[in-house]
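Alright, here's a single protein chain in two forms, structure 1 and structure 2, each given by itself as structure tokens.
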Structure 1
């Protein structure tokens, strides 16, 4: 298969990360976890300043960060900052509470986009996010927009919580998903956008394996 760049966008809970990882493993692509990059910068700022405030400004030391990511054969993404493995550290709840200011900063987004584009120069990749096909890789070989109904996405999130032994209210989960969708579409930078030339895939009535197989067929077709 020739070198390809696959951009996968979609709302939270549409399955884009899980599907992209599996496709990457099966086809020998590199999966890039773009969200982990923003989490890594958030981790660095919290470690440096102790907090992330609304007046956050992108500074030179952030621009000099050496952020690296390795995708393993079993589908795991390992992220490091200046040689420190932060793969587990960036999944802490404190990161989730502070990442919004970082990921909405235009200078941070420009820095990350340059880094992501650099990583695609030498090998085939698949990457998921909100604006991968519209902003990060507008010339991607294949753009996919994964979607699913609010009810289905809420059900998937409920299952995740139940698997962790947590009980949550399904109506609350639905409300949170609707609010998240609205926020993601209204973000000043990195808004959730369906590129005009993206292949639309509604996963509401599909199993994960069916989605994976469908995406693999699309990738193999453009990779011939």
Structure 2
């Protein structure tokens, strides 16, 4: 297969990450989790300042952070900040609560975009996020916009929490999903949009395997 860049965007709970990982493993691509970078910067600022406040500004120390990501053969990705493995730490709810200010910041976004583009210079990759097809790789070989109804996405999040043994209120999850959609779509820079040349996949009535197979077919087609 020739070198390909695949951009996968979509709202929270649309299955971007799970699907992209499996496609990457099956087709031998490198998977890059752009959300983990925003999470890592949030983790760093929280550790540095104790909180993320609306007057947050991008400082030199953030620009010098050594953020690295490794994709393991079994589909997991490891993210580190200045040599500290933050892969598990960044999945905390406190990160999700504070990430909005960080991911809305244009200097942060520019910093992350430079990093993401650097990582993909010589490899075939599949990257998921909100603005990958629109801003990070407007010339991607394949752009996919994964979607699903709010109800289905809330149900998937519920299942994830239940699988982790956490008891959660379905209405609360639904509310959070609607709130995240708003935030992602209203962001001044790098908002979640469906690129005009993205393949739209509504996964509401599809199994995960069906979505994976569909994306694999699309990737194999452009990689010929």
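Here the rigid core means the biggest group of C-alpha atoms that line up within 1.5 Å when the two forms are laid on top of each other. Just so we're clear, the structure is a prediction, and the values are computed from it rather than from any experiment. Residue numbers count along the first chain shown, from 1.
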| query | finding |
| --- | --- |
| Structure number, where the criterion is the form predicted in complex with cytidine-5'-diphosphate (CDP) | 2 |
| CA of residue 173, rigid core aligned, shift of 2 Å or more between structure 1 and structure 2 | yes |
